[in-house]
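Shown below, as structure tokens, is a lone chain in the form predicted on its own; questions about how it binds or moves come after it.
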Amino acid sequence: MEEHSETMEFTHTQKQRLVELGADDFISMRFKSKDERNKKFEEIVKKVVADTKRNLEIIRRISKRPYLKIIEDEISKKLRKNGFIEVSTPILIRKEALQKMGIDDEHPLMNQIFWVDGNTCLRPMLAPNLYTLWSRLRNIWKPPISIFEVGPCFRRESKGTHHTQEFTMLNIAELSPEKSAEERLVEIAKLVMDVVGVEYELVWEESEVYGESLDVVVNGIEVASGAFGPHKLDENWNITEPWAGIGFGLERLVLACEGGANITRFSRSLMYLDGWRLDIK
């Protein structure tokens, strides 16, 4: 018997396809009948496929790069212009580096590590390497020691559509800032967000590593997490100076700016190109 109340939703399979295509805004629609629902689904898919083909053609002929790479370049340029030095550090790190960050065998993050062997892993964060550079550069350069890195990190994430196992981190770290570390942290966050050009808010949250972090939130999505010191972890690198540091997940930043529910669209992929699904006809 045909339903007359507006209680019918898209099927699970239909919802999944809409998410894959980036048509998340339509998922909550409700319908009076199966015919109405199925007709609307076909209309949406047809339009999204047409939009996808058009945007893939724009990538091929005009932009020639994913938005994530464009944003990465623009942010890097802005940071260098403001005195930050770009660095490149190893992707493979030792277990001792994690332990110096307070990540021991009992720490929840330890379950997310991709181990290469018993004592070497794919880095889950950039902070240990940047700490090491600080400890060495402070003996060579006058303060402040302002560095940043953009590169891949890896975690066995299982927390939903805003997480991915391979992601691009932007970590910005300044040792001995010329003003208060907390004030400098806010300034650094603004440097990045001014490039993106979207509204954001700063929220204090609990942190698995630093105890408390200052998060950058866009459209309800946490895109960055920052902290400042002195902090008890500093002594593991013989750091005594104040500092400010913040890490951005670039795929999540693009997701928050572009809209959608699934970070997979903007991650390293063989199924998506710059957020656009490739299995279309």
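The model shown is predicted, which means the values in this text are computed figures rather than measured ones. For every residue, the number given is its place in the sequence shown, counted from 1.
Form predicted in complex with adenosine-5'-triphosphate (ATP): not shown, discussed below.
Comment: adenosine-5'-triphosphate (ATP) is not present in this chain, but in the model of the complex one of His163, Arg184, His107, Lys95 has a heavy atom within 4.5 Å of it, namely His163. Looking at 38-46, 53-61, 215-223, 229-237, the stretch with residues near adenosine-5'-triphosphate (ATP) in the model of the complex, meaning non-hydrogen atoms within 4.5 angstroms, turns out to be 215-223. Heavy atoms of Arg138 never reach within 4.5 Å of adenosine-5'-triphosphate (ATP) in the model of the complex, leaving it off the interface. Contact annotation: Phe167 falls within 4.5 Å of adenosine-5'-triphosphate (ATP) in the model of the complex, judged by heavy atom distances.
Although the partner is absent here, Phe248 sits close enough that one of its heavy atoms falls within 4.5 Å of adenosine-5'-triphosphate (ATP) in the model of the complex. Within 4.5 Å of some heavy atom of adenosine-5'-triphosphate (ATP) in the model of the complex lies at least one heavy atom of Ile263. Residue Arg155 is the sole member of 140-156 found to place a heavy atom within 4.5 Å of adenosine-5'-triphosphate (ATP) in the model of the complex.
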